[in-house]
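The data below hold one chain only, encoded as structure tokens and taken in the form predicted alone.
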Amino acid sequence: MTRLPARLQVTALLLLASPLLMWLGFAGFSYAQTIQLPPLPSWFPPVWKQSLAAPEPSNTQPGRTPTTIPQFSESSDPSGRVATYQPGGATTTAGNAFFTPLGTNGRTCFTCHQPQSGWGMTPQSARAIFFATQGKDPLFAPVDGANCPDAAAAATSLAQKAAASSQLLLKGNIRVFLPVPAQPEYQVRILRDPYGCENSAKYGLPSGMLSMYRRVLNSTNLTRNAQFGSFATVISPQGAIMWDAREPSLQSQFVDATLGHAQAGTPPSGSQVDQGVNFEVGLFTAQNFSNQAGSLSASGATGGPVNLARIGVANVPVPAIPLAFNTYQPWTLPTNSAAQASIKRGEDIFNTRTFTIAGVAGFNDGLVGPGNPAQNSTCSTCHNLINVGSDVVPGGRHLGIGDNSSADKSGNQTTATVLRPTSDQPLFSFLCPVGSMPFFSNPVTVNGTTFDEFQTTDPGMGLITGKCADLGKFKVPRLNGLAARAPYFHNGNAASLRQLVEFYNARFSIGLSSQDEQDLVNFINAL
């Protein structure tokens, strides 16, 4: 496919320039003299290079974008209805940077962030778009909507196109490709390569890149209001922005998404960045109606996005404060239904059921003292932003999801084996200096040298920092609208909220009964 002249110039620069000039070519654009844009992160130049070199759809058919995003709108999901509210009023999509193709493959932010999926992307939405457009929608652009770009380029039949995008169609996962940092503490090897991407000379480790498959994070509930209106003036802590904390700000993320996901040859303007980010921070999304319990703002409860938007920044707690959720405190027996009572019990369990957090890198090795277990913890200890459930503490936590945790000789990760690596995702081996990974031990000898070998489907923050201590760390995500965006965790390995709850019950030996688990599921479905 013929490239735009700007892309030809950028690609030529990348191929011919020295490493120093290559970086200057990415980070030193003349636009910085006239508009304010964030500097590009150090990991981004090779990502942009690969995105520009990836094939584009042969015939893009953009999905339907509504002319207006109403101030209040609802969509059905498996447990009821999820709703979005904009305190600043309705948004006209025409001319808005969030809904405008700013790259060359036809994508917009709206391509991957859909309201019926809680402003994320689910397998159900991806499949509907796939069959409605015969796989030609920009969502399936080979750059990352396919398991590997070369597989998508070779696909001719609809079945082959579906197979080439199986991660997106079955788990709602987008391909995330990142460079191995310069001089990392570890050596990385490929143990399993289901799509041939990891060993590809063009897209894989031989070119210094790794591909992982991660859920699309939702672009809503990114800020908190002291009152209606002026929603961009005060932004409360949200912890890490991306699963691996690689973006320093929403502005940086918007620029990098335009250049990478949308395969743009030049960055968006400062006004476009502001427009896109302002739309995101003006969205509030939450479950609004339950098929069993009815309206989630009935009988004094404060569920739904309108109530969420009213919560002031003064309510942001310090880390580890209990009672992070008070949405359903007014619901008690016998005045409310059994379904409402179950949601209320689940909220109480979330806030008050205590257990001990131990062996979690990013938590026990820093927040509560080196190696100390955190007794009397609750779910709210990490999901602590009031009535949103994200973590106000930056950084990530290593829980063992998608790791070969049964290989851990320290005993800290063995309870995470319920969500071990799956055969549909690559498996990496990271050889680390012995003792360099907190709460992990798996000594192996390679060519006469002993390492701790860590096997995982996704190295998380460790691929950004190059440090063994950060391998397997991921952000604590927001909880609102979870009912609309299954499956769960960064890799989609928990198909249901019940599996998510069962994982935590096993991971921390909480001792939840079957009824306790169901109450928690009902509560989380009501967020």
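Numbering starts at 1 and follows the sequence shown. If you're wondering where the values come from, they're calculated on a predicted model, not measured in any experiment.
A second form of this protein, the form predicted in complex with a small molecule, is not displayed here; the remarks below concern that form.
Sort through R345, R420, H113, K161 and report the residue having a heavy atom within 4.5 Å of the small molecule in the model of the complex. Contact check passes for H113.
May I ask you to choose, among N404, S165, S219, Q340, the residue with a heavy atom within 4.5 Å of the small molecule in the model of the complex? Result of the distance check: S219.
Which one, 347-355, 84-92, 429-437, 330-338, holds residues whose non-hydrogen atoms are within 4.5 Å of the small molecule in the model of the complex? Among the candidates, contact is made by 347-355.
Within a 4.5 Å heavy atom cut-off, is L479 in contact with the small molecule in the model of the complex? Output for L479 is yes: heavy atoms within 4.5 Å of the small molecule.
Quick check on F254: any heavy atom within 4.5 Å of the small molecule in the model of the complex? Yes - in the model of the complex, heavy atoms of F254 and the small molecule come within 4.5 Å of each other.
Does at least one non-hydrogen atom of R107 fall within 4.5 angstroms of the small molecule in the model of the complex? Contact with the small molecule, yes.
Partner contact for R310 in the model of the complex: the small molecule, 4.5 angstroms, heavy atom: No - in the model of the complex, heavy atoms of R310 and the small molecule never come within 4.5 Å of each other.
Verify the flagged residues Y195, L463 and K467 against the small molecule in the model of the complex: is each one within 4.5 Å by a non-hydrogen atom? Spot residues vs the small molecule: no contact at all.
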